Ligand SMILES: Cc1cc2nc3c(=O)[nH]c(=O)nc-3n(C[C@H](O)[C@H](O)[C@H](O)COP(=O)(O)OP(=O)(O)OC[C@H]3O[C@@H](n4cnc5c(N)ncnc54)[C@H](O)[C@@H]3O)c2cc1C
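Below, in structure tokens: the form predicted on its own, a single chain.
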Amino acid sequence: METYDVAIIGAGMSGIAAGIRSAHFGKKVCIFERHYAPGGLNSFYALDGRKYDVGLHAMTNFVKPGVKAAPLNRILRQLRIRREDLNLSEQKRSRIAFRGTDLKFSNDFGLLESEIDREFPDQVDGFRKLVEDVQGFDDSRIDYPYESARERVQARISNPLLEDMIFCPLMYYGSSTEEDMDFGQFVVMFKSIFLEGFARPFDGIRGIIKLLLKRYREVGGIRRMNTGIAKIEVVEGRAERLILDSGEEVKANIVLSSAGLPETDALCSEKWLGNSESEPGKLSFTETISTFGKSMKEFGWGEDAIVFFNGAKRFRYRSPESPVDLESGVICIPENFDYAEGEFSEGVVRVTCLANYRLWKSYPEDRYRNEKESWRPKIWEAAKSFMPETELAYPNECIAFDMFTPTTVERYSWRMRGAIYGSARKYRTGVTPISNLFLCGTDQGFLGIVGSMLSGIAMANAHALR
């Protein structure tokens, strides 16, 4: 039976980062991935000759090279990766677009502050106090108690519209709970989006994945694709062996799982979560990806990299009653980052909306396909109403498209209910009742590409390298 120092479940960002860190210090490491493609919730695929990103709109936490304490630069040092190899381009501008009110923001935080001063002059002092609260919160702690972010924000912001506009980007990019967030998670997302910012690698997520895998190979890591873990055999409170989908058995001194909290518990021969704790997350999404025969600049959509939109009286962040919630969402136009002129001959628009897993799961195959075809133009029209007027005729000028639903996420990532941000309950320390089994990634509470890598590094440092 093969024995490893460290076995890692899942070749997502946290798993690969944990593998690099562990193998760099001489550990015998193997990553087991059930899918044929690495990346987990941030992966890519090809369809009819075109490559599509999954998950990535942009990398958060962008800072300039000299900011040593920033998460992005800490990660690069820990993984021994050169910053220039990421090939990142900053956003030009993004926007929070509610019916009748826009707030622009960029990687210069002063733009958002000036926009709030313009649109909500009576709220700007409270906003500045909220920023002080964020900057004064010690988010390096992993044992802080839960505190309602809504209540903390309402203590500083009295205008419900501004409150919702602040929460919309943070929730869409990192909340696993409906309608509210833990204030600690709010702080992490506020810093990563507003105080730091967005950037995007020219090649999308595939460039980052290839860079990480190259580094993993260089330090001697082993990777087994199309090789899922069927069961974690627990003996006397310890993960004694891993049983693969093929029936093969392996052993490991340390097991790091990026599969998710309820998903990892379900693998264990001895369950350690109670019924309420093992509840999968409720939030999932649809995304449409539309490709056009010319740059989006030519259609008049050449300014905003990402637009967070909401057309309802109040922003609702919850699983909708209908298959797709058309009231709010996220629009991403990849070419509107600071790339050289002429880099994009085709325009791509991605639109992400909240979706109802239960309904999508209930549809038989024919109905499922028909529902996708029905909702795709509706999603486009909902997003289009928050963008500049254009002569673009959809779908006539759309030369390629694809759409994923919550069941797509479940099928390819094995996340229960297609819950992209995982369970509402997080194990911030990564420690489980199984003495040598630890969580990393989403259900440790670290979200996004930078957060996921940071989680993998932290868990490797704390447990694999002890």
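Owing to the predicted nature of the structure, the values given are computational and were not obtained by experimental measurement. One-based numbering along the sequence shown.
As for the form predicted together with the named molecule, it is not shown, yet the points below apply to it.
From the list 436 to 444, 394 to 402, 65 to 73, 423 to 431, the contact stretch for the named molecule in the predicted bound form under a 4.5 Å heavy atom rule is 436 to 444. Although the partner is absent here, Ser22 sits far enough away that none of its heavy atoms falls within 4.5 Å of the named molecule in the predicted bound form.
In the predicted bound form, the named molecule lies farther than 4.5 Å from every heavy atom of Lys27. The named molecule is not shown here, but in the predicted bound form it comes within 4.5 Å of a heavy atom of Ser258. In the predicted bound form, the named molecule sits within 4.5 Å of a heavy atom of Gly40. Residues Ile9, Gly10, Ala11, Gly12, Met13, Ser14, Gly15 are the members of 6 to 26 with a non-hydrogen atom no more than 4.5 angstroms from the named molecule in the predicted bound form.
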